[in-house]
Every structure is written in structure tokens, then in C-alpha cells.
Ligand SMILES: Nc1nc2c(c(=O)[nH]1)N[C@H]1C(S)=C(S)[C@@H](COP(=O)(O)OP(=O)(O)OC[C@H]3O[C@@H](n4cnc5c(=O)[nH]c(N)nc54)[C@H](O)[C@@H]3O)O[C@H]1N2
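A single chain, nothing else alongside it, follows as C-alpha cells in the form predicted alone.
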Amino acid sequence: MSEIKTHYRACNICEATCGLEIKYQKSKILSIKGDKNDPLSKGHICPKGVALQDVYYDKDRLKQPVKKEKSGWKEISWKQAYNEVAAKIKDTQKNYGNDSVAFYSGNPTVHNMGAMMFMPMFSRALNTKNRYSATSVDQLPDQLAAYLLFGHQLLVPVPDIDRTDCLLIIGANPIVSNGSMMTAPKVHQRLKDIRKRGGKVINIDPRFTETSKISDQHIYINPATDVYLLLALLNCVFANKYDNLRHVVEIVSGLDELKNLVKNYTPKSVAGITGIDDNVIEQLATAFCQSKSACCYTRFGASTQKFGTLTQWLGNIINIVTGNFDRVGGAMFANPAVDILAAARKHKNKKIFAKNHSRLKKLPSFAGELPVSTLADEILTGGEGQIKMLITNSGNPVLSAPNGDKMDGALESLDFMVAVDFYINESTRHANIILPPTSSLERPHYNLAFHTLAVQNTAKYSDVLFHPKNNQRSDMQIYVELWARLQPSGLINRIKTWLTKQFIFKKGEAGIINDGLKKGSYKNLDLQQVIASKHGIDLGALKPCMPERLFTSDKQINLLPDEVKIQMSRFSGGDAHEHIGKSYDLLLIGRRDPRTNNSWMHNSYRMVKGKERCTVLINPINAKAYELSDGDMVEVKSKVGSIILPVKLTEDIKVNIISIPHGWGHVFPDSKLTIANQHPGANINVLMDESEIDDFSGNAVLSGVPVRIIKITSAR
């Protein structure tokens, strides 16, 4: 009988990065549990962590490149795959220009150390402005606000949740997300601890969420009106002289101009728009400002609306002007052991917003990417600069981008498509060649991004659990090989490329992490120490770091950047709230499912089995008007599409609002799963109009979408 061994690693599926304890025997996993000795997660685990084994053992998972032929998918060698992909890139760009090749990166990229390290070198080698990612259907406004205020798109403040006395949550449901743009595993307990120490948790949402159930107060708000609420709260701060910049007073400018900007946004003036009584807004401002410490936390729902960037900017401003920025219990910055921002110091004055614009809609670029809302049109519309070839990395834009049906048609029309993915899904089924990387348990891992957004400073390195077979390749190998084939020809260049490859492969991911640890702010820390700790190393609580951590050229925070002034001048003349009309009499908001992460993990049967979770939530008052009962099938229609799914009645959602979870709609092409086990659900993004965006950033609008309902069948 072979020995039973224990492997410790960080789960890489969601942002919580929980520590796992995996018992295994040879190549068989016996159990996956939470690691009680992990300094960040302290034993917490959710169902997604347990399902890591399902991905590893999944018979549908690709392990060798496949090429689409008339007879179906055919396995090919890695050498053939690399050569054909590189040749097609060169041929397409020679015939149609560099911008004819586009690159799209999906959400799993940021959870993958190898892809984070080596995908950019390949992407840059394409020399195309047509780069896209899931960022612009999610957190782009968060990152743009951080760039404008603090000088870097990854310098996003996180709530000091373990020490705050008041947490104001807007457009977020951390109980389900485990924290988003806030790495906070065991967040359920962390929120309860706020209340135990006499603090308050206040949740603002059109729906009474899972987070609302453990909050002190829930305030219902009309969808996509958070910007008005925050302006009114800021108005109250100044009117009641609650403003106090504390220790950052010397590095902040624009305060007087900001006061003048918000003076007309009184609680009474926004009450009708937000659906929140003016007295409640006044009380909310008082509760926040009179707490010993407080933090305003705005997330996905705040970003994916008409004025998402202004909303995220205001969330930061509330924290700064009330003295709750860079302060214990307020909004703070992590000090990661491997600081991925360090390399940006030499480029801190480099312009990364609106450096380029999309060909058709003239949407601004951000950090080298264009908004994905324009990708389908850039593929479908002819003319100079039309996208002819697309390369995707662990992305499924048919499910995750607005107007999924249009995106599906766009991918079908491409001359050539390549996918770096180990599944054939709704998007990769259009690929001509698929290059599958190793799975999570077959590669090392260090959370490069999420240590930067963590509520506590830690360092943890996860080694390989199961070594991949000889015919498998890592993300590092795939991208370095593709990069090498795109380098200029000639003897000298070939030698340089060969030497670079050898250096990278010899050093590997571990060597780069070791270098990062040694260059970091925790002296004498190296990879061997982190590995030896097994469970990770606790590096302490968040600490004030202003102005040293700032990336602005003058080490100042301008509360009212010029870009914001322009947007506010446009905002002042209009109404962000989409009023309910006759044709579309309901407003749609999304929600997240705790067992899946965006559009992935649906291949695990344990994650999708059980009662139907892809339902449309509707208030009984609206249900009565439509003559609907629990379980009835309805068609939900928007201006661009329609989906069919069952009804779930609940009083936890405002009247005239409905909610549908995102990430569903899988059909698992060529899957060995039985139809009974697939649980595809309905794709909410079919309803999203790709022309509806946050004008500031180009981020997709996914909240407050006008829809109507048509009853299809009765549950009876």
C-alpha cells in the first residue's frame, strides 16, 4: 500500500485564495479540506476548492493541441501547433496589418501565475492595438479610478475589514464572492466580527442579499443610481463639517473645488432618483462619519453601470475626505512580498488611459486594452483594421461579453481563431487550433495579483501536486514558444531568442518569484523560507504607507482630476437613472452564484447539481401582475435578445426589479457529460446591449438594464 501524503496549496479559483489541505495517494486525491494553519484563510474553504479535483480528473479536459478539420477535432503535435499558429499570425498581419490580429484574455488569467508572467511578452510581440480582456465587463472603473487618483491601476485600496468600525457596502455581495477586489477569505466571520466589536455593517443594494442577512442595516436603492447617493453623502459630509483629511492633508489637492461640485446634490434632490428617503441618507452619512473608523467598499454592481467610473471615484473620495484613507480601519493598501507594482516605478509617468481608441466606436484604451463591448463589431465590420484573427487565453466571451449571440456570430465569421484553453466551450468551439495548458494541480502557484489586494499581508507558494505528462505544456512553455516564433529572423536574432528561451526555462516561475521576494520590502525573505513554511507566512496587518506608495509623479492626490471634471460636466446635464417605460417595464440586475466563479466551474457536476439556481428573482407584487408562480417558465426580453428560465418569487428584491445570475448558459460542446448532468442555465449576457457603456471608461453596462417578461409555461 502506497503512503498517504499531504499537500498544502492556495486555491486559485476565486480571489479569496483559501489555503487547502489535500490528502492524496499516488495520483488519487482522497480529500480536500481547508488548511487551518493558513495565516489568511484559517481553515475556510468553499465548494469551489473541493472541485479542483474535478477539473484535474475531467475526461473532457484537453491535454494535447487539437485542430479543427472537416471530420472533427484532431490531435496534433505541439511543434505543429506552434508553427501553424505563428505562421497564421504572420500571414494575417502581412496581408491585413498588425491590428488584424486581436488578443482576448479571460478572467482565469489573473488566477494563473504562469499566464500572468509570460502571456504579456507574447501579447506585446503581436504589436496590435486590438487587445481585450474581461476587465471591461467587470473592474475597469475600479482600476481607472485608482489610476487617476493614486497613479497606478493596481493601486486599489481595500477595506481594513479586520479593524474597521463601520463597513459601507455598495454594489457588492462579499458573502457570495468571498470578497472581490478584496482578498478576504472567511469574510462571513470577518463581517460578524465587525458587529461583535460594536461596529456596523451597512449594505446598499436593490436586492436583500446574502450579505444583507448578516448586516446591521440594509438600504434598498434603485439600480444604477449609486452615483447620486455618493454625491449626496459627500454633500452631507461637507454640509455637516465632517470632512477631515487627517495625515494626508499635505498631499491632497482639489478639496475646495470638490465642495463646490457637490453642493447642489442634497439628499432631498436625489431621493426620488435613488429611491432612498433624504432622512435615511442624512442618517447614513452621520453613522459613517461618526464611527471611530469607517470604509466605503464599492464593487461589481457599482462598476457595471452607466456612471461606473464616477461611482468608483466617489467611493474613494468618501474615504479620503472623511479621514478614513491610509488609516487603520479605513481604506488601505497591502504591502505584498512580491510587489508586481515595483516594475512600474520606472514608467510611472507613462500615459495608459485613452492612448489609443477603437476603430469604430472610438472607445478609449486603458492599460493597453480596448473595451470588449466593441470586439464583436470590430470583427464583423469590414474595412482597414478589421479583425481577421483572434487569439483567446482562458476566455469565453460568448458567455461573458455583452450581447452573447452577436459575439457568437462574430467568432464564427473569423478567418482564423486560436484558443489557449483546456476546454472546448461556447467560444473555443470556433477555434481552428486549441492549445491546452496544464491544470491548477499540475503547476506551481503564487498569487501575484491578489496579495496586492489582500486584507492581510501574507506570502504563500504552492508547488506542483501532480507532475504533468510528457505531452502536456505549461502556460510558460506555450507563450514563450509562441513568442520565440514571432521574433525577427536572422542569425543574431535567432541566437538571442534561443538564449532568452533557455534563460526563461531554466529560471522558471519559481526563480522569478524568488527574485521578487528578495527585491521586496520584507528583508531576508526568499522562496525557500516560504516553501518551508508549508502553510504560508504571516507578514502582518495593513499599514499606512502614504505618500511613499503613491505612483503619481508629484506624490500628490488630486481629488478632482481633469478627466473627472469633464465627465461631471456631462453628468450634471443628464439623468443616469433609466426610467421604466411601457415597452420594457422592469430593470434587470445580476447576481453571483457561490458555487461557480463567473463562467467557469460548470464542468464540475458537484457544482451544478441540485435544485435549479439559474432563476429569475421577482417580487410577488410584480409576479401577481404577470400572473406568475414559483417555477413558471418565462421569457425575459431586452432590446437585443431574449432568454428563457424559471421564476423564483421573493420579497428580497425591490418592486419592478428582477435579478438573474451571471455565468450560466453553458452547452458543453462535445462533452462526455450527459445532458441530465449539464445544467446549462441561461446566459444573462444575451440580454446586454453592447452599445450601452460607461462613457468614461468604456466598461459594459450590466446593471439596470430595461427588460420585459412574457410567461411561457406554468409550473403546474
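The first residue of the sequence shown is number 1, and the count goes up from there. Not measured: the values here are computed from a predicted model.
If you look for the form predicted together with this ligand, you will not find it shown, but the lines that follow are about it.
Proximity to this ligand in the predicted complex, defined as a heavy atom within 4.5 Å, holds among T497, N598, Q456, N619 only for N598. The partner is absent here, but in the predicted complex a heavy atom of G395, alone among G395, G315, P157, G404, sits within 4.5 Å of this ligand. Under a 4.5 angstroms non-hydrogen atom cutoff, this ligand in the predicted complex has F422 among its neighbouring residues. G171 belongs to the set of residues with a heavy atom inside 4.5 Å of this ligand in the predicted complex.
Contact annotation for M332: none of its heavy atoms lies within 4.5 Å of this ligand in the predicted complex. Mapping the unseen interface onto this chain, D408 falls outside it, with no heavy atom inside 4.5 Å of this ligand in the predicted complex. Just one listed stretch, out of 124 to 132, 363 to 371, 635 to 643, 163 to 171, contacts this ligand in the predicted complex at the 4.5 Å heavy atom level, and that stretch is 163 to 171. In the predicted complex, I204, D205, P206, R207, T209 are the residues of 199 to 220 with at least one heavy atom within 4.5 Å of this ligand, listed from first to last.
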